[in-house]
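Look below for two forms of one protein chain, each set out as structure tokens: first structure 1, then structure 2.
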Structure 1
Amino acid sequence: MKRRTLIAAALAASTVMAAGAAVAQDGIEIVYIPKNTGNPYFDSIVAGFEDGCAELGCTFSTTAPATPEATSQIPFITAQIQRRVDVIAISPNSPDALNQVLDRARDRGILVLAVNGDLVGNEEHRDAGILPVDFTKTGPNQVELLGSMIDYEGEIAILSATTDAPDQNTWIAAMNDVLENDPKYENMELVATVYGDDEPQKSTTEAEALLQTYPNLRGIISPTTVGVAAAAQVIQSAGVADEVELTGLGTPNQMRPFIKDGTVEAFQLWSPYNQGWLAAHFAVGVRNGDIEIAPGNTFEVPNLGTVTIEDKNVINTQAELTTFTAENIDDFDF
């Protein structure tokens, strides 16, 4: 008797699975796989996709692993191939670990789009990359913003994500380049580049160590959402907002309190919502045969205007970064 109840209990546990069921669809089916669940940033991209599909009449769904670990997206991609979706849009957790499974998806005729981050160095394994902004301008934009806050003078430091984060490293290289070569920045000295691994505790400790190690520090650039929030918290705690300026890439919701209380004067980012919106329009256009994927081709997206496919099939959602300050931050919610 006891045994029977146990097996019943075990079965009950497996029927928790009955939460959602798949239905075969007509029309174009798009799935978006973010890096992981629980990341508010990707919710905005999802919202862009949803609104885009609502307008265009495609079917949209989203699914994501629990952790942003390099291989965690693979079972999800395989499952979507099996579900025979028409388009897989993915924010890849790794620039190379997904190559094999994405090739398989494309062999089955699925359109594969990298969204928000690209397969750097492995672009041939996706059909197109929809990036938030022209990444070559990100580094210089950030240096200029910080420079304007500190009168282009004094010691500055960078608090990045991990030592090998490809996007951050591209931007940091560009930052180093303008700091060395542009005479406008000749009085700004980059004294350290440190890495908080996108972990709140490590980023906090690294930021505190920066303040301690460089007493004359005038500014910090943190081109990662976890890092800039941790650094803001550290500057607020230490009460040095007047001596040390901070900027970086952050989300308005994450940075709102620091802008309001003056800890941070301005920071930058792009619109994740527009990426989802653009990706949905692009995917449907390609599927319907209205857009041919080739560098140099252009297409129209409502609200965004004319968009150009660049080299390596990269599509930039906007050209320059958006700057958030006390004036405009309340216009954004993501």
Structure 2
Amino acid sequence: MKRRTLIAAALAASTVMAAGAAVAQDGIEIVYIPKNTGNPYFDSIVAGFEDGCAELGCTFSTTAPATPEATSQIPFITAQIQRRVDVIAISPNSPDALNQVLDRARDRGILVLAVNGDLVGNEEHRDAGILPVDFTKTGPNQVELLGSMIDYEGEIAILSATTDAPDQNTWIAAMNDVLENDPKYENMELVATVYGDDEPQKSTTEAEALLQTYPNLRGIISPTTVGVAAAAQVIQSAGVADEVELTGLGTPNQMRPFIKDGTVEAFQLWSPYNQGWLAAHFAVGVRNGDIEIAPGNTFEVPNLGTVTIEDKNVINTQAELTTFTAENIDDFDF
């Protein structure tokens, strides 16, 4: 637990310690359903849940579909309803395809938490959303980071995950808005938005196609850990790091080789571990009756300090994105 706790502390928005952690009552059982199996990003969220439940005395397990289609999580949610678990935490693959099954879970008294991504436009079908940061900042921050690398001029492209991914689509909409309406970016032209479906091979193929289709491409934003790693490998193999800048959302352990050899100058993320850690403490607090879910209410989380419930019951794990560069990447291990 020592290494994970250090990671949590390093990326926490605050390091104020709570006076004492709650203890789960009546054997609270939490199940986390990530988007799909085989994505190391979600392993860090799982680690946060595991450590949280180890401290709090709750029972934790995780299960997920093999692929991140819009409806692939439905049978997994249904199975947990039948098991009568206490809490379902889910990183949704769609903003609306899960509405009915999540309503059934809540009707059975199950606490439903969206983690890492939200049911954008359909927030009433879950109890709260545990998000990494204020997602309205993510898209503009990614545009600004890439813009600073290319002197705010030239053709750029976006390599996303699936077409239905609610978090990705929220960020991309904000990217388009800032590119169209902020004069600072008037000389940056978005020429393509493509989708790698969070699969390494398809993401690689899409990145290769971008380089071939747009010979004057100056930069790529890939706001997905699978996509940004695949694009980095493509740029490295093609030997075009001096011509095409890449940024996005990635984990330090995935991206370290590309930072070290100069393929990537900088990328961003947050602490996925802290999302699991926070969600475990929040879930236990709610089930114990210690936390009331209402905008404006606050609660304490060890290593994270005072956390506030925002509008639409959104809870942001940290205040700002963390930017990783050659200067700081070795400070992180996840």
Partner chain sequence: MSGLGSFFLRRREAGIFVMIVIVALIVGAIEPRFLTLETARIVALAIPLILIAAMGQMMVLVARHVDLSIGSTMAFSSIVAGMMFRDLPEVPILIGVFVAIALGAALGTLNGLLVVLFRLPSIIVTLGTLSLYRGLVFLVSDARQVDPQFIPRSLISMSQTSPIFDIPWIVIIAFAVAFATYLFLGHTRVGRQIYALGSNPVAAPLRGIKVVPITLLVFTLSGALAGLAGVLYASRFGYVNPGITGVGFEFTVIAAVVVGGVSINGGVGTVLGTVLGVLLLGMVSVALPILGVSAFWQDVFNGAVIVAALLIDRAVRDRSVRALAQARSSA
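Numbering runs along the sequence of structure 1, starting at 1. Just so we're clear, the structure is a prediction, and the values are computed from it rather than from any experiment.
- By the stated condition, namely the form predicted in complex with the partner chain, the first structure is the one that fits.
- For the motion between the two structures, the hinge, where fit shifts from one rigid part to the other, lands on Pro132 out of Met255, Ile221, Pro132, Leu102.
- Rigid-part rotation between the two structures: 16° for the smaller part relative to the larger (C-alpha based, whole degrees).
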